[in-house]
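Here's a solo chain for you in structure tokens, the form predicted alone.
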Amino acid sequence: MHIEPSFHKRYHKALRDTAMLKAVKNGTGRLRGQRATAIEGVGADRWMEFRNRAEAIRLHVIQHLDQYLEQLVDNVIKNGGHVCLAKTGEEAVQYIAELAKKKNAKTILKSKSMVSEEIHLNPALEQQGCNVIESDLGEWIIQLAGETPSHIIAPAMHKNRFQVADLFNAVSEEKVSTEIADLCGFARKYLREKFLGIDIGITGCNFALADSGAITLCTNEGNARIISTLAPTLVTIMGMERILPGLEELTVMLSLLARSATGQKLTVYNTLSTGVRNPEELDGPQEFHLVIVDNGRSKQLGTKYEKILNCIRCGSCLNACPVYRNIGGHAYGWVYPGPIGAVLSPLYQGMDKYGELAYATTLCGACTFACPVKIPLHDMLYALRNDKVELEKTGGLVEDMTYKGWSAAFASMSRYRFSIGMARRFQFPLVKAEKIAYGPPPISDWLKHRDMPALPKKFFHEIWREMKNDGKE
């Protein structure tokens, strides 16, 4: 999938894709509604208590991350597993690729893992001859399409059923209809057969429990559970921050994750895997590898962005964001879209590459309100804008003069009224049907998709003064 380097080009391309926009608006609208119903069932006060508790847990873990990481690593090794602490994505990919080579692996099945997308694992394994198959339905759809995820929990949200049917028919020997049940039936049958020939299984990790070394996998399709059961060699990839102290904290997080993500009381399949099977067990992996990825995360510790590590990847901020709902996920350019992606991408990948994403927000605060662990996303986006300006010194003479003029005009009532009066008098070349229809860049771009009312003939304070003078107050 070709990704334009410019955010400007990416979102303009997205705005022209009406089928994608319709699918995204339908999908996010459905998830927002389900979440609202779920919270209503809990009660607003109790929901806030949940959020406070979850925030406290995540803050505690991040502040003691080194301690919990050490405990997790010790317990995984004690359970018979192997651990790779990867400083970069390249180190993680190299470790897994060498393991696949050592095992002479031909077929690798994966469950959904945003970290594996982040480090570009699939292309590296395919390059050395492995057949990598995504077992999550949404991930498999975008794999067939040669695309990247457009949503954290619903990677193929941007596709409608007709597009999915076309993709399925390209790999099916029989015609698959566009009915949802038929599409799901075909995917189930096709993927189930692939599980039987698995050499290595790769899963993501919702939460790792430090006190036991257990890995928590949450899916609605059960595919991660099948992989962790059938794969002779199992690899789990996790971001270094996805740790909880133990089961007590996990119960809080599972309840919040499901309700925030899909509006469910609980995800259908919640699997706790402790790695290598015991001699008396009939299934489970014979070999287990936990790959813990840093890839820019540790740089956020102790900074004003540290709270971004609290994220539990529920996708709730995406569904709440008016910008995401109107441009979809691919416009963000990297693996994490929406408000969380607009913060993570410049922090993990660099301000020079993704700094523009700080402007992909209305700063309405809907993302912060939706976040179950209370990450102040819109404050972070505002801070990133400041960082970008300070870093690049892009203001320039014209922008400096504009803002100084603006400040001077708004600091005095008489100057403000004089400025508004002049603007009202000389706006007529730009006005059409009582709206500002024309303007120089960057206003011209803004006006393509939004209405800006023309200044009225009279303002309220002028009408009010006239009414007082006429004795109509």
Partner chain sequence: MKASLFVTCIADMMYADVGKSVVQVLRRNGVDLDFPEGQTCCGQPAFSSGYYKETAIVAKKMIEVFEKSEKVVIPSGSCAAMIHHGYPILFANDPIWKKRAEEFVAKCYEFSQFIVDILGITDVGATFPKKVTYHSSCHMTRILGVEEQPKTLLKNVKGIDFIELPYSFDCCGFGGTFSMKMADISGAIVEEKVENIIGTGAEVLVGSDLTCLMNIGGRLSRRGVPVQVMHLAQVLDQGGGKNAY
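Under this definition, the rigid core comprises the largest set of C-alpha atoms superposing within 1.5 Å between the forms. Numbering follows the first chain given and starts at 1. This is a predicted model, so every value here is computed, not measured.
Omitted from view is the form predicted together with its partner chain, to which the following refers.
Residue 445 belongs to the set of residues with a heavy atom inside 4.5 Å of its partner chain in the predicted complex. The closest heavy atom approach of residue 261 to its partner chain in the predicted complex falls outside 4.5 Å. Under a 4.5 angstroms non-hydrogen atom cutoff, its partner chain in the predicted complex lacks residue 425 among its neighbouring residues.
A residue is said to contact a partner when one of its heavy atoms sits within 4.5 Å of a partner heavy atom; residue 23 fails this definition for its partner chain in the predicted complex, lying far away. A single residue from the set 135, 361, 273, 345 has any heavy atom within 4.5 angstroms of its partner chain in the predicted complex; that residue is 361. Checked against its partner chain in the predicted complex, the residues 37, 412, 63, 52 give one hit for a heavy atom within 4.5 Å, which is 412. Only one listed stretch (66-74, 436-444, 38-46, 52-60) carries heavy atoms within 4.5 Å of its partner chain in the predicted complex, and that stretch is 436-444.
The partner is not shown here, but in the predicted complex the stretch 355-392 reaches within 4.5 angstroms of its partner chain through a heavy atom at 356, 359, 360, 361, 362, 363, 364, 365, 366, 369, 378, 379, 382, 383, 385, 386, 389, 390. Once both forms are overlaid on the rigid core, the distance between the two CA positions of residue 457 between the shown form and the other one is 2 angstroms or more. After superposing the rigid core, the Cα of residue 427 is displaced by 2 Å or more between the shown form and the other one. Taking the rigid core as fixed, one finds a CA shift for residue 26 smaller than 2 Å between the shown form and the other one.
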